[in-house]
Structure formats: structure tokens, C-alpha cells
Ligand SMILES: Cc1ncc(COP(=O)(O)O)c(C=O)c1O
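In C-alpha cells, the next block holds one chain alone, the form predicted on its own.
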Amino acid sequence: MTDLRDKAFATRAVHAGERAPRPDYTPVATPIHPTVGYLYDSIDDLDAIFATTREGYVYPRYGSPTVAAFESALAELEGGEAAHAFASGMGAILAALLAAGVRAGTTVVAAPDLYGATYTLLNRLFTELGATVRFVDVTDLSAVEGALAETRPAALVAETISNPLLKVADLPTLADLAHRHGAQLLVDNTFASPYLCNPLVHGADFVIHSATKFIGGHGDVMAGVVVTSAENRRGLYELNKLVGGVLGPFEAWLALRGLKTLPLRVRQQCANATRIAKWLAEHPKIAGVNYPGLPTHPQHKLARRLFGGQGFGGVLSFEIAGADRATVFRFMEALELCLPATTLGDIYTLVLHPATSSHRSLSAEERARVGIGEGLVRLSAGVEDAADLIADLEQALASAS
């Protein structure tokens, strides 16, 4: 650093304390790098980084150290070659679809019971841009194969555990079918998290997370990430340089910090969700429960095989018998410990009404076709004591009726 003692006060105020000599220590926790610019001794180095012939950082839209640390951690946990982080889960889904070659004149085959915003992204935005979308129940493998053979799509899109009906996708078979017909398999793994399932191991080409959910885990950060091959990651990188849906360093640091306790949290959330689902399944005011951990669930055996016996996820949904929208609202307002918030995967137990929140963008007819009724409630189990949560649900059901 240049000696500042002979410089004016304004100059010293700007430059003092900056660009200290390189340290001879390594911090235990990953540092936050909020800078938007980087200096090199040689401008040739800067040029090489722009040309991607050497690693380094020049501008946050091209990457930053804290974000890179988060990406490296996710790639490691998902068993992928590389990852690219985004400012939100929807940003990650959009980028993955584009990187998979979805364009005007191409076709996408997708599950109809995807997260509402993903469904709308495909059914409206990509359709308006000239792509064709074919919705097929991905648990009906013969129907999937038929759609793939007929349309030869660029991509097949599914969720490991669907939102909010908790269907489980047969990922190995879907990957085989997709590749047989020239499609890439994109899997939203948000509900399962890397702790329960690694879709890349089962043949997926892109794995997508809303890191806002289980990965961040504390309701204080919004982020998305795509884990894929090194080659596909290069495509995502070039896309995001133009689109600019970058994750900030503070958000990356929070998501990385949350990731450290992912196995601890998800184990407890799975245990709580299982106990709550079993209790709800026997409750006289509940018409039905959707949870892969119940032996009555259509994909229970598949879930046990895919998730290796580590659990069945922290999210479930249930239908309040005979409930209309007003009844569900009264139920949610009566809750004291369970929080009516439009997210999931937190340390808190959260409930929402899919028809008016996560799937609000669907028409009533579209929701009816998928199976999302007015009495459906989605619950994301937190890490509280399960007995307290059950007592809260009991009093709220009594209050609503």
C-alpha cells in the first residue's frame, strides 16, 4: 500500500486501511466479500480472467469468492461437478431451462403439480415465447414415455417430492426415459434437500434448489442454485453474465452458514413431519394426508428406496374435511405455534393455503385438475417439539369448526 502520510485528508479517508498485505492466516469461517471490484498486479491477469483462461474475480456478475464457496459446498453435497448460484429459486429454474436448450420451437414435458410459479413460468412465459409445454403426471411412467416419444422435448421437468401434493418421482426411470428420447432431466430437489436425495446420482442433468428453504433453513435469506456438470455450468455462467440474476455475498454467506446444520435440521423435521402426518391421518376432521412416510402413500416404497431410509421429508399436506376457504383461514388464524407464512424448510413450523398462495397463479380449473382444493393445507415441520405442534393443530382445528 502506498504511504498515505503525505496525502490530503480526503485521499487518506478513502484509502486508509484498504488493500492490506496478504495475511498468513486462514479464517475458520468463510469471509464475506462485498466488493464489486478486484485488483491484480498485472492487467494481463485481469484480461485472462475475462477470457476465462484463468480463475479469478473481476465483477460480481461474473462471480465472487463468497458465492463460489457456497456453490462449491452445494456441488459437493449433491455429488455434482459444479454449481451456479442465483438470487432466487425461480431465477435458478429459469436459467436451468434456458441452459437445457428450451427455446421457441422446442417442447418441455413437465409434471402438472409443480410449484405454482414454475407451472406458470412454463405454461405462460415459455409458451408466449414460442415453446410448447406438455403436462404429464410423472408418476405415470407409460404416459411420460408416450409424451417423450411423441414430442422429443428438450427437457423433462419434475420435482423429487412435488409441491404441494407430495408425489415422489421415480428419478432413475425418468432419467432413463428422458435420455432415451433425447431430453435432459431437470429436477427440483427443494423438498428433499441434498440430505435425502441426490438426483444427479440417479441420472438427472440439472438439480435445482430454492436455497431459501431447507438449505438456508432459518427464514432469513433468498437464494437459488443449480448443480450440474462442469460443461452445463459454463452455459449457466454465460447466461447469468447477461441476465444478471446474481446472488449477493451476504446472502451466499447466510446460505452457506445454514448449510452447515442441514443434516441436523432435516432429521428433526422429518421426524416431526412423520409424527404429525400419522396423527392427522387418524383425526376425524381430516379427510386425507399427503406424506411419503405414510405406508398408504402411493410412492411410499419408492421414497424409502430413493431416500435410503433417512426420512421422508419435512413437508406434508392435508385436507380439512368439508372445509371451504373461510374455514381454512379461521384454522390458520387460530394457530399459535405454527406460523402462517408463505415459505417452508425453516426451523419454524409453517402452514399455508396453496390455493391462495403458492398456487394462486393457477386458475380454479387448473388447480382442480391438479388436485389442489380449497380445503388443502400445506405444513412444513420445524424443529420444535412435536407434541407442542400437535396440540397447536388440535386447538386450531377445534376453533375453526
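We number the residues from 1 along the sequence you see. Keep in mind that what you see is a predicted model, and the values were worked out from it rather than measured.
In what follows, reference is made to the form predicted together with the named molecule, a form of this protein that is not presented.
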Practice item. Could you check which residue among 115, 312, 331, 206 gets a heavy atom within 4.5 Å of the named molecule in the predicted bound form? Key: 115
Practice item. Note which of 317, 184, 163, 269 lies within 4.5 Å of the named molecule in the predicted bound form, where distance is taken over heavy atoms; exactly one does. Key: 163
**Study point:** Residues 78, 200 and 228 all lining the named molecule in the predicted bound form, heavy atom within 4.5 Å
**Key:** no
Exercise for review: Give a yes/no on whether residue 109 approaches the named molecule to within 4.5 Å in the predicted bound form, heavy atoms considered.
Suggested key: no
Review point. Might residue 240 be said to contact the named molecule in the predicted bound form, defining contact as any heavy atom within 4.5 Å?
Key: no
Check your understanding: Counting only non-hydrogen atoms and a 4.5 angstroms cut-off, does residue 213 reach the named molecule in the predicted bound form?
Key -> yes
Check your understanding: Using 4.5 Å between non-hydrogen atoms, is residue 89 touching the named molecule in the predicted bound form?
Key -> yes
Practice item. Tell me, please, which stretch of 190 to 198, 322 to 330, 301 to 309, 252 to 260 lies within 4.5 angstroms of the named molecule in the predicted bound form when heavy atoms are compared? Key: 190 to 198
Practice item. Just give me the residues of 53 to 79, first to last, that have a heavy atom within 4.5 Å of the named molecule in the predicted bound form. Key: none
